[in-house]
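In structure tokens, the next block holds one chain alone, the form predicted alone.
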């Protein structure tokens, strides 16, 4: 038994070393940096240890704007993308002959370059001296005045960002949920049909409980992915996200490290730890809720 345990640890050793060097050590390092006040990256020196970095970040209007944007993005895109993906997956499950063909079509946005998709969205929504954009042309058919989605009101820009995010993440969710629906035992549906159970009740009592582990997985990863959003905003509004009021927490961290206001690793570390605590808290809440609503 001891020899088997030793062999198991030897097999795990490369993965443990990899996680330790590239995940655990950087996390500890960032945590230490976040308490070093006045850290100078050139001289590798600091003048004190305390919580000033956290108080500065939490009072910084740019961080508060990024926090607001990130939470709006999370609250809107995660439920919306998951719900739409579930509806499409249910539709695909009822189309047996051409299901694979439709799956391929829906999955195409996921394998397309993020910046390329962002360019397409800019063409759809951006107003130019020569055109109001395709979306405004469509809105004009319903008598709606042209809206400057890319450089105009805050709510218009947030709509584009949420729309873009849902578009990008939904294909993966469709693929996962379609596979989950295909794995549900048909005997349950046959029994429900014999009992005369309505389609809505069958969905709530059979389908949802059976695919709840996959739904839980998508919700958890959706929350984490939305909190880490950055490239989506860059693809639409460029690198100066603070000027566009469309920055995210990850974007704020990047700006503190490398942007025009960069060179402040202590502030960036504090913001990264705050993001880590937020994601960890929401993940733990979801794990607690899963004990009641997820059926394995």
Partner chain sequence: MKILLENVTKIFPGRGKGAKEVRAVDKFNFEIPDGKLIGLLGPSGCGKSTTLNLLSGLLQPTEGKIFFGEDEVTNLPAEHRGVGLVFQNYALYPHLTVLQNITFPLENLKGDAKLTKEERVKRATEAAKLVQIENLMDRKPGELSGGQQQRVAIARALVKMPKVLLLDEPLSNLDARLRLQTREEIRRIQKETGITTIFVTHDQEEAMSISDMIVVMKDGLVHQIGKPQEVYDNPTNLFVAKFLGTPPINVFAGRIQNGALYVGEDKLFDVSADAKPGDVYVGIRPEGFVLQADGPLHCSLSRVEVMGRDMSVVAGHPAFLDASIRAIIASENLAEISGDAVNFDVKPGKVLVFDKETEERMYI
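The structure presented is a predicted model; accordingly, all values stated were derived computationally and were not measured. Positions refer to the first chain, counted from 1.
We do not show the form predicted in complex with the partner chain, though everything after this point is about it.
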Inset, instruction - Evaluate residue 133 for contact with the partner chain in the predicted bound form, applying a 4.5 angstroms cut-off between non-hydrogen atoms, and reply yes or no. - result: no
Legend entry - Non-hydrogen atom contact residue 217 with the partner chain in the predicted bound form at 4.5 angstroms: no
Legend entry - the partner chain contact in the predicted bound form: residue 111, any heavy atom under 4.5 Å: no
Inset, instruction - Determine whether any heavy atom of residue 295 comes within 4.5 Å of a heavy atom of the partner chain in the predicted bound form, and answer yes or no. - result: yes
Inset, instruction - Identify which of 185, 128, 179, 104 has a heavy atom within 4.5 Å of the partner chain in the predicted bound form; exactly one of them does. - result: 185
Inset, instruction - Scan 192, 175, 122, 224 and let me know which has any heavy atom within 4.5 Å of the partner chain in the predicted bound form. - result: 192
Inset, instruction - Please determine, with the chain shown alone, which of 151-159, 83-91, 193-201, 68-76 has non-hydrogen atoms within 4.5 Å of the partner chain in the predicted bound form. - result: 193-201
